[in-house]
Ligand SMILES: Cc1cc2nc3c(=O)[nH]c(=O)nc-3n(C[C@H](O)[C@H](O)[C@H](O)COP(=O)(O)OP(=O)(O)OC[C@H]3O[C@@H](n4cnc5c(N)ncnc54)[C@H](O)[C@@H]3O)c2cc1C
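Next comes just one chain, in structure tokens: the form predicted alone.
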């Protein structure tokens, strides 16, 4: 959308035909909703089930219920992604969805599709996920498993749940979620892939504890770049956005907002570089614009040592259960109403002090 508004020709490539299934909890924060609206315009209300009730849990034990939480926009990614794609096509993007790539030479600006179509462009934006073919063509396979997350998830049809639930101890280095949707619930757990080799049996037990028979639902799995922020999300006239750039919050697992914002920034950088007649300058412009996002995610990475530390986490959960103030801060971060930078050194010390005292 942003590139088309700038007058650029755009080819949109995806191996899947839309609407297509996308394994994702589908929790859209207020900040992400704002980014999407700014880029794509007002979105239909029926894309979302708005949840304003949050439960923090420790396994089957409720730690805190917050009835007037910030709004979380719960969506099914099948419908959400299809709606955004339709807006882009209506704006004039050329549609190559449903076509697999046969070869990718992004620095040469060449993409060949399996059906024999060859495309060329002065700037290539790789927004092709955690296993990005564009990133591999730039930097090789790499060893990112230590910071790569993995999640398992199911869709349970029926009435939406009464609240959004986050289980803070569902898996080491991660959490579980029970998200209410218009026609059911999305339940999942996720953490660092290398830290939990027994995620499947853990998930099945977790589902049973919530009254869901694992044999009666389809369990799906996927990777996510939790904390795997790429030092350089591109090179020259090649830019990486969203999961391909590792733009996922390592505490919350949220990546939709950063994907939309980074896509907008990449398109703006491409437009500026092309207007100057220098496509190779696109990455330098993009990298500069990305610094606030990178700084925010690096702060989040530092905080994971407090949130998921095996010795400190019980104290954090005790503090969370006892402190309305800490609950509000956590929810403000989850909802995108405040940034990690907004905590500041004094507030961070205050949070650490509450945790160390166990909320006393």
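The shown structure was predicted, so the numbers you read here are calculated from the model rather than taken from an experiment. Positions refer to the first chain, counted from 1.
Separately, the form predicted together with this ligand exists; it is not shown, and the next lines address it.
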{"query": "Residue 255 within 4.5 Å of this ligand in the model of the complex, heavy atoms", "finding": "yes"}
{"query": "Contact test in the model of the complex: residue 153 vs this ligand, heavy atoms, 4.5 Å", "finding": "yes"}
{"query": "Non-hydrogen atom contact residue 179 with this ligand in the model of the complex at 4.5 angstroms", "finding": "yes"}
{"query": "Exercise: residue 218 in contact with this ligand in the model of the complex, heavy atom 4.5 Å", "finding": "no"}
{"query": "Whether 22, 26 and 100 all lie within 4.5 angstroms of this ligand in the model of the complex by heavy atom", "finding": "yes"}
{"query": "The single option of 248, 261, 125, 170 touching this ligand in the model of the complex, heavy atom within 4.5 Å", "finding": "248"}
{"query": "Partner-contacting position among 236, 184, 191, 129 - heavy atom within 4.5 Å of this ligand in the model of the complex", "finding": "129"}
{"query": "Interface segment, criterion being heavy atoms within 4.5 Å of this ligand in the model of the complex, picked from 86 to 94, 271 to 279, 237 to 245, 200 to 208", "finding": "237 to 245"}
{"query": "Heavy atom within 4.5 Å of this ligand in the model of the complex - qualifying residues of 54 to 79", "finding": "77"}
